[in-house]
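Single chain ahead, by itself, as structure tokens, in the form predicted alone.
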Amino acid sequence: MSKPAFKRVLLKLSGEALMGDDAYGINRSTIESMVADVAEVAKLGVEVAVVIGGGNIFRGVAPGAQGMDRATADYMGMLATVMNALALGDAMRHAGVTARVMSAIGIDQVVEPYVRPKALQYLEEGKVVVFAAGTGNPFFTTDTAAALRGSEISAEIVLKATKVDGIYTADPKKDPNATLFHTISFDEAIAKHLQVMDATAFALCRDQKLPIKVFSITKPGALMRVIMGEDEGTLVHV
């Protein structure tokens, strides 16, 4: 078998991805299949860190947060990501993967705080590290947290797992003529107004020369193909 293309990666999972076909919350079979994909990659010796969103439970910009102070709503969103991170860590344990959940906000009885040297140590020991609570600050998305943590741990690439298998010229659900980009530069993506991540996250990755791979987490074997450096999804590069 050929060698993985990456030694250390940052996987960004959206909270919505955990819902599967449900309207809300965490779908057990969905989280189990995701964790099986991650376990397969970790067994190759690839160091995996995960940043998880919270949109399946609560998001600061959702209709349910209307009339609420934005900072308060964002803190609620961070707590939602902690719930997801605990579920993910637990599912990994059941799959025989050693995972450590680290939170950007202090909830000491539930989860250990994020400390960079400790996170690096866990990764070097072959544990999967799940980063919860985003950046720990309101007004910053979990995409920005992925860019930030990816930079902090010196990940070689940010893997943005979505429901579509890459970046298209238009929404493939609405436009049958939409075509897939196999690679695209940061500047080109900005010029074309392609929503890969929010602007803050995108700018951080560009400035740190941290490439982003957008792929579908629901497509069987896609994560493994990305890790092996095969042509899967869209690569955003400097």
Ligand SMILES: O=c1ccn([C@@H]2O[C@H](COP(=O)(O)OP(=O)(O)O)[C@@H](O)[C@H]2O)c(=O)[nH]1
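Quick caveat: nothing in here was measured; it's all calculated off a predicted structure. Residue numbers here begin at 1 and follow the sequence given.
What comes next is about the form predicted in complex with the ligand, which does not appear here.
Student: Spell out, yes or no, whether the shortest heavy atom distance between A85 and the ligand in the predicted bound form is within 4.5 Å.
Tutor: Taking the distances in the predicted bound form, the answer for A85 is no, it never comes within 4.5 Å of the ligand.
Student: If we define contact as a non-hydrogen atom of the residue within 4.5 angstroms of the partner, is F58 a contact of the ligand in the predicted bound form?
Tutor: Yes, F58 is a contact residue.
Student: Mark F140 yes when one of its heavy atoms lies within 4.5 Å of a heavy atom of the ligand in the predicted bound form, and no otherwise.
Tutor: Yes.
Student: Though only this chain appears here, would T135 touch the ligand in the predicted bound form if you measure heavy atom gaps against 4.5 Å?
Tutor: Yes, T135 lies within 4.5 Å of the ligand in the predicted bound form.
Student: Choose one stretch from 89-97, 121-129, 67-75, 150-158: the one whose residues place a heavy atom within 4.5 angstroms of the ligand in the predicted bound form.
Tutor: This holds for exactly one stretch, 67-75.
Student: Since the CA distance of V61 and T135 differs by 3 Å or more in the predicted bound form, is it closer or farther than in the form displayed?
Tutor: Compared with the shown chain, V61-T135 is farther in the predicted bound form.
Student: With a C-alpha distance change of 3 Å or more, do E16 and G60 lie closer or farther in the predicted bound form?
Tutor: Compared with this form, E16 and G60 lie closer in the predicted bound form.
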